[in-house]
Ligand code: 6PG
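Below sits a lone chain in structure tokens, taken as the form predicted alone.
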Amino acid sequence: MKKADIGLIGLGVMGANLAMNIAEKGFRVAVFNRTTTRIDTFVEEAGPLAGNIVACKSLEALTVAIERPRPIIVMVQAGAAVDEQIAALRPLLGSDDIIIDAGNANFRDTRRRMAEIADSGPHFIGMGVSGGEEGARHGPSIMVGGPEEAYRRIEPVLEAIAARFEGEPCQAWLGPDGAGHFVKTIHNGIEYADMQMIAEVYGILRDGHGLSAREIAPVFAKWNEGRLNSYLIEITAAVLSATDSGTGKPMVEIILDRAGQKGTGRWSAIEAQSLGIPATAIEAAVAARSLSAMKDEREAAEQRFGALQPGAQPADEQALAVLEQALLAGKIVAYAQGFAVMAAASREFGWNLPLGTVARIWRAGCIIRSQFLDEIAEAFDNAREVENLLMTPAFSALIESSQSHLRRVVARSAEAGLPVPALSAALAHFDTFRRARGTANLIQAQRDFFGAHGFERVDREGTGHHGEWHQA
């Protein structure tokens, strides 16, 4: 019997759908799952695709079933489970075989794992996969990091299963060791900010304008036809239109306002801080999710300080246009921050990340796919080095035309007591970024006063100047 082209371990939602995708594209895929009953169920559910699936009840059987050199995708929970799977596989594999971690791994774990097996093999690849369940099944965005020669051996499979934008596969090798997983992490950080800003605008429409979910849905649907066109805006309209069959209420209204998070958003904020890059919109979104989890405390605080009084401001065309432009401005700042973090990481770790390529492979399949990723790609094509997307011609024009709307929305929300942490952070970032003479001179003076840390002067060279703070 013909051997499999590739193996896959872990038949959870993402792993099963990825395996189906591989089989559908004409490749034979050998599959293994720790709970072996799941393997039989998976094959039964595969229907006509079962002919391209090799069911394996042990790791030994899996490795025997794959054509050498053997690429094996690992789709298990990030963390210790990945290390355990690598340890179990290594004795069964040769130095030319390839272990592909396709989970949401911390890129620092990916770098560690590569270093640990670098001398004896097999090859190790860290592969970010974005698009959720639907993307895994029909075409995700794929971000690969690791040895380029190992990537080239699996490139035909990845090209076949990836999403496509105007015929171009949304997958790429982005650099060595943890580059792929780092890019996926920042993708998720931008996703956090994007989702939080959308939720804040929803809150303004619900609590500031008194609109119902069914009235808000067509607003987002209309915005999806313009500059805000994106997957997240599209699904927001769909979510707000959905009805709970049990109660007849809008589905969103019966969902508890407590958001979960799996770590990637938090990692993106931590890495931005480590690199010294302000990613304030992402940080605000992570903090907002943490605050959402404090349901009991929030309910107690409302009892203590009083509930927000529902607003009844008219949601006329002008008000909606202002909100649309404010959301656009906030999203631009979030994307600019994310790309700045990736640029800094590329320098720090010597990855030489192709940021234009990153923008291109995000145009389809992934969660943050949106209209202006083409413009981001073009910005990196047109400039040898882009320090900040806000300074590129396309985005400086966009932020220039929309920032006044963001300012108005943040100011009015503050007056009304409507929380808009990510939109506020985006505005503060823009205002601080464009201010040639800031206020850090006072901070430097304070630091020198209490700690003799020294400072730079505007009229002399050097960094070790001190103030005459303690004169009699």
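A residue's number is simply how far along the shown sequence it sits, counting from 1. Here the structure is a predicted model, which is why all the values come from computation and not from measurement.
What comes next is about the form predicted in complex with the named molecule, which is not displayed.
Legend entry - the named molecule contact at F107 in the model of the complex, heavy atom, 4.5 Å: Residue-level check for F107: no, no contact with the named molecule.
Inset, instruction - Although the named molecule is absent from this view, report whether Q261 comes within 4.5 Å of it in the model of the complex, heavy atoms only. - result: Q261: contacts the named molecule in the model of the complex.
Inset, instruction - Mark P156 yes when one of its heavy atoms lies within 4.5 Å of a heavy atom of the named molecule in the model of the complex, and no otherwise. - result: Contact with the named molecule, no.
Inset, instruction - Verify the contact flag for P393: yes if a non-hydrogen atom of it lies within 4.5 Å of a non-hydrogen atom of the named molecule in the model of the complex, no if not. - result: Heavy-atom contact with the named molecule at 4.5 Å: absent for P393.
Legend entry - Heavy atom contact within 4.5 Å of the named molecule in the model of the complex, the stretch among 217 to 225, 85 to 93, 188 to 196, 373 to 381: Result for this chain: 188 to 196.
Legend entry - Residue among R206, R113, R289, R137 with a heavy atom within 4.5 Å of the named molecule in the model of the complex: Selected residue: R289.
Inset, instruction - Could you tell me which one of A340, A237, I367, L275 places a heavy atom within 4.5 Å of the named molecule in the model of the complex? - result: Selected option: I367.
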